[in-house]
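Coming up is one lone chain in structure tokens, specifically the form predicted alone.
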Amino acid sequence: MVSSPLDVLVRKLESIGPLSKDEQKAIYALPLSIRSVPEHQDVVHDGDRPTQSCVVLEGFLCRYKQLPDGTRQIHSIHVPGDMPDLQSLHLNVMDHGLATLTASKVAFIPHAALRKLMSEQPRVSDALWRDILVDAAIFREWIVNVGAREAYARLAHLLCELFLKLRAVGLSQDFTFQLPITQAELADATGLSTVHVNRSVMHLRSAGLITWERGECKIENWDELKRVAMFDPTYLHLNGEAKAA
């Protein structure tokens, strides 16, 4: 099959459930508008009324809420293959922002085309709804992460999650993956100060659990990182092959 920008979406959906060749072909036939977006730019604004949903093709995006005083809380971090605003198919108004953390490439798919695909391909519809439900499970885990884990474990847990999500779409190798995200952004995602994030990164390094240089993170001791993070990958609902590590 000819390579498609939506290969990464198919890999993501197949990491949580099987798709037939015909179902994959129907996904590849979706009309796309591809846009390169610089870092730290909104893809969708809080209050927008979208008529399309996006697929992350390259880079990292985040969902966030910002208070009037400028304080930002990141709700989730999205990697290639994710459709972070798929819920806008049924929620008319965006109640949060969606922004790039790094320079990214995003494909936009009209809602009308998604609805047609879902009506003609019930199993693809099931896969997309399953993806939304996995998002909800991730939100629940993030609440636990911010509310119940210590700083060191919060950061370790986030690294475990991002590693498995990237691994599921073929974007990590030998426990190494690209993570060009700033400590300030990690602070917004974990409810910590940048000082606490910096200390936690140094702690993880000194314990021999990770190396992290020039935007590349390598997990040196996966079992111990999972232990200190109290990480159980069940909430990601990956299939056996995708979650094996």
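In this text the structure is predicted, and so the values were computed from the model without any measurement. Position 1 is the first residue in the sequence shown; the rest follow in order.
Omitted here: the form predicted together with another copy of the chain. The next part is about that form.
Another copy of the chain is not drawn, but in the predicted complex it has no heavy atom within 4.5 Å of E213. Another copy of the chain in the predicted complex comes within 4.5 Å of a heavy atom belonging to G191.
Interface residue remark: W129 is counted as part of the site for another copy of the chain in the predicted complex, having a heavy atom within 4.5 Å.
When another copy of the chain is considered in the predicted complex, M202 lies well away from it, no heavy atom lying within 4.5 Å. The candidate spot formed by L171, F177 and E224 lies out of contact with another copy of the chain in the predicted complex, as no residue has a heavy atom within 4.5 Å of it. Look at 194-202, 27-35, 213-221, 66-74: in the predicted complex, residues with non-hydrogen atoms within 4.5 angstroms of another copy of the chain sit in 66-74.
Along 120-151, residues D126, W129, R130, I132, L133, V134, A136, A137, F139, R140, E141, W142, I143, V144, V146, G147, A148, R149 each place a heavy atom within 4.5 Å of another copy of the chain in the predicted complex.
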